[in-house]
Structure formats: structure tokens, C-alpha cells
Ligand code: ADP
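Just the one chain here, the form predicted alone, laid out as C-alpha cells.
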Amino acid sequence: MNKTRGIAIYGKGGIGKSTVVSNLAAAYSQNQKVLVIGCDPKADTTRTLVGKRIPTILDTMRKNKNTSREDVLYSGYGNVACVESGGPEPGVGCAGRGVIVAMSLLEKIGIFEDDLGLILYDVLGDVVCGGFAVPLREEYAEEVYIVTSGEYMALYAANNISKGIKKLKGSLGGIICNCRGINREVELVSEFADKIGSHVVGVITRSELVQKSEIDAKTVMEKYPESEQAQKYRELSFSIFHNQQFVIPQPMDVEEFEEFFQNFNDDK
């Protein structure tokens, strides 16, 4: 049995990492057995794969202490296996607790013993909470990719995430540029990647097909498989699958980051 490859996709909330993860999973499902683990409290990673929101592990365990795999594991597009960790009720508890509980349950019910080719983790990266470090800290995922745009807060979060990766001695495989249409965006993200010792592993252009697909609770890969946007996700999946450039990142301190961002924009 081949060793399952664990890939964690990090990024700030709202940056589009869930869209990237779901479309990557759809692309990989052509020739891989894929499991997607949504580690974001919003629990929306797998919606476009399954076609609806699925019950989260935390919600299911609140109702049934003897939770089985049938209670939490759902099949999505391309037979992608899907689970969502979930989070606490608003205003109560720790957002990252769902990840900790979810991993413990998935171990217990033997999910990680399945003959899987890839496990993709969709992880929130702008909350300073130990729960979100679990995929890396407990070595569920061997490699990490950070999704960012050229926006200030997205890059700021990406720099913070790289600090966590460095502390945990994780392997950063690269930066995914999920474009928002900012002037010289790919150039800025490429310079950022270079500054922290990494590289841009893929560029996803802005497209209305993403929103149109999500309205129908589908991935671009399923709804518009022949589109240029779907091809972008295929190219990203290929780049990640064959990537050999892994580093322990060297993030900037706050002052250095501010100077980097300001200098780039002053050069316009």
C-alpha cells in the first residue's frame, strides 16, 4: 500500500482557500482516491463537492457519543470522501477545538487507515489558536501551501502562517496566488514568496465562473470542466503533485513586512 500524501492548504478567512481545495480535490479525483478534511469552523469546504452542507463532526458528536464513519463521512463529486470538523456555537468555546476533536475521532474510526492517495486539509490561518496547527503539529500533513492574494491583510496573514510553519519545522511547498485583480498582483505575491524563501506554485485568475459554480453548490471542475478556469485548477494540481521545492520558510518580522509592502507599492 502506498503512503497517503497529506497536504494542508492554509490561508486567511475569505481568501478562497476552500474553493482552491475543493477544485483541487475534483482535479485529483480523476486518478486518485481523495479525502478532504474541512478544518474551518465555517464548515463550507465540501459544500461544492457534495452539493450541500454536510453535518460536522462536532455537531454529530454532540447528538451521538458513539459516532461512526457513516455519520460523518460523505461522498462527493468524483467519489471524493468529505468530512467537516466544524466549530463551537458562536460566542462559545475555542474555534480550533473542532480540529482537535475531529482528528481524534477520525483516528478512532480508522479513516487514516483507508487506502487513500491524497488527503487535503483546508485550514483557517488567521486565528492564533493551537487547534489549527494540529494537521502540522501532529504530522497528519507533510507539506503545506499558503493561499494569498496581493491584498495587504492576505499577505500579512500568509507571513504569520509562515511563522507558524517555521516554528513547527514544517515543509512549505509554495504560495498559491488566488488573484483579486490588483495591479501587479502576481509580481507582488512572487516577490513575497521570494522574501520568505519560497516560490509561487500556481496562479488562479479571478473568474465569475467561481461564483456561478458556487451558486449551484458545485466546483468549477464539475460545472465548467472545459473552461479556462478549470484548466487553471488542473495546472495547479499538477504543479503541487510534482513539486520538489520544499523549504522551512523565513518569514519577515512586522517592521520588515511593512517596509516590503510599502516599498513595492511606492514603486508603482
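In this text, residue numbers run from 1 along the sequence as written. Keep in mind it's a predicted model, so treat the numbers as computed, not measured.
Below, we refer to the form predicted in complex with ligand ADP, which is not included among the displayed structures.
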Practice task
Scan V210, L236, V200, A230 and let me know which has any heavy atom within 4.5 Å of ligand ADP in the predicted bound form.
Solution key: V210
Exercise for the section: Given ligand ADP in the predicted bound form, answer whether the residues S18, R206 and E214 all have a heavy atom inside 4.5 Å of it. Expected result: yes
Exercise for the section: Consider N178 of the chain shown here, and say whether it contacts ligand ADP in the predicted bound form, taking contact as heavy atoms within 4.5 Å. Expected result: yes
Handout entry: Residue contact check: K218 to ligand ADP in the predicted bound form, 4.5 Å heavy atom
Key = no
Handout entry: K42 within 4.5 Å of ligand ADP in the predicted bound form, heavy atoms
Key = yes
Fill in the blank from the handout: Counting only non-hydrogen atoms, the one stretch of 112-120, 154-162, 77-85, 178-186 within 4.5 angstroms of ligand ADP in the predicted bound form is 178-186
